[in-house]
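As structure tokens, one chain now follows by itself in the form predicted alone.
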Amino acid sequence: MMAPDFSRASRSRMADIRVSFEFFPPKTAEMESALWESITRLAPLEPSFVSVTYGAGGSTRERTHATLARLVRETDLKPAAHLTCVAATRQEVDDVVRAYRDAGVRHIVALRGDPVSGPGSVYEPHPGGYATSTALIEGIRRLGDFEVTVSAYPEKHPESATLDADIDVLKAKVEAGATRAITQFFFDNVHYLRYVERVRARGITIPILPGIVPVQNYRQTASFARKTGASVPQWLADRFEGLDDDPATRRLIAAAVAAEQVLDLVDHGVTDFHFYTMNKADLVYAICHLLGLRPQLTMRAA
């Protein structure tokens, strides 16, 4: 009888691990300081790219553009700009794309976006805007040679009737010019692994990066998950039970949960990870250290 192989990829020297980070634009001077502290902390890990989220409304868009412009100006990071179809005409969206292009951004994360009334409400396209993310991708491609990343949903988008129908949408986005997908966050890795199998069976070959959210605040994360169609397993709730007034232990549990998830994915052959940082660096930095990443560069002086 052959001896069982108990070796794990995550316990060997991990090579070719790639990471990317998502940030959101700050609303206040204090939040801006926290954001740049996080960027400064994570930049030496040489992420493949860093993305900045984008919401409906002029002020949010302006903050996103300002953050991206500063990333281009002051760092060697590769910025990716989020862009949605929400509450804007085609001309307005096209103007944003041109502004990104003029600022030196060559990578866009193209999303339809949540309804104006928030997740869970009915999405209504702007009468003069791009109706879908596929149409948005086509519009971006007309305006420049952008790398285009899109969203993917291991547990299907809340508005999709079935997972197969949702994969049809992903296939259409790829045919329109998408070059990479990032998944909605998930907590049970089986959702991601089965999803990738089904996507590959449909002939979709672009990278499908797992979206990882370190649970900084369990109640907040669980609430957002329910609105976006991501399941929250009972075992996760159990791990944070009784810790509402114990932030130090919560941080330790959050680190353990995230470490368990990413190392299991490494054992299943995953080498690319996208982290939803929530503009907080320490937990993400620790997970990246576990993945074998070490500081390689420093921020360029302004």
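Numbers for residues come from their place in the sequence shown, where the first is 1. All values derive from a computational prediction rather than experimental measurement.
The following text describes the form predicted in complex with flavin-adenine dinucleotide (FAD), which does not appear among the structures shown.
Trainee: Please determine whether Y54 contacts flavin-adenine dinucleotide (FAD) in the model of the complex, using a 4.5 Å cut-off between heavy atoms.
Mentor: Although flavin-adenine dinucleotide (FAD) is absent here, Y54 would touch it in the model of the complex, with heavy atoms inside 4.5 Å.
Trainee: Should T183 be classed as touching flavin-adenine dinucleotide (FAD) in the model of the complex when contacts are defined as heavy atoms within 4.5 Å?
Mentor: Although flavin-adenine dinucleotide (FAD) is absent here, T183 would touch it in the model of the complex, with heavy atoms inside 4.5 Å.
Trainee: In the model of the complex, is there a heavy atom of flavin-adenine dinucleotide (FAD) that lies within 4.5 Å of any heavy atom of V196, even though the partner is absent here?
Mentor: Because no heavy atom of V196 falls inside 4.5 Å of flavin-adenine dinucleotide (FAD) in the model of the complex, the answer is no.
Trainee: Does G113 reach flavin-adenine dinucleotide (FAD) in the model of the complex, with heavy atoms at most 4.5 Å apart?
Mentor: Yes, G113 is a contact residue.
Trainee: Have a look at N189, T75, S151, Q216 for me and say which one sits with a heavy atom within 4.5 Å of flavin-adenine dinucleotide (FAD) in the model of the complex.
Mentor: It is S151.
Trainee: Given that flavin-adenine dinucleotide (FAD) is left out here, which of F240, W36, Y276, F49 has a heavy atom within 4.5 Å of it in the model of the complex?
Mentor: In short, Y276.
Trainee: Looking at heavy atoms inside 4.5 Å, which stretch does flavin-adenine dinucleotide (FAD) contact in the model of the complex, given the options 138-146, 200-208, 91-99, 78-86?
Mentor: Heavy-atom contact with the partner occurs in 78-86.
Trainee: In the model of the complex, which residues of 189-214 put a heavy atom within 4.5 Å of flavin-adenine dinucleotide (FAD)?
Mentor: Sequence-ordered list is empty.
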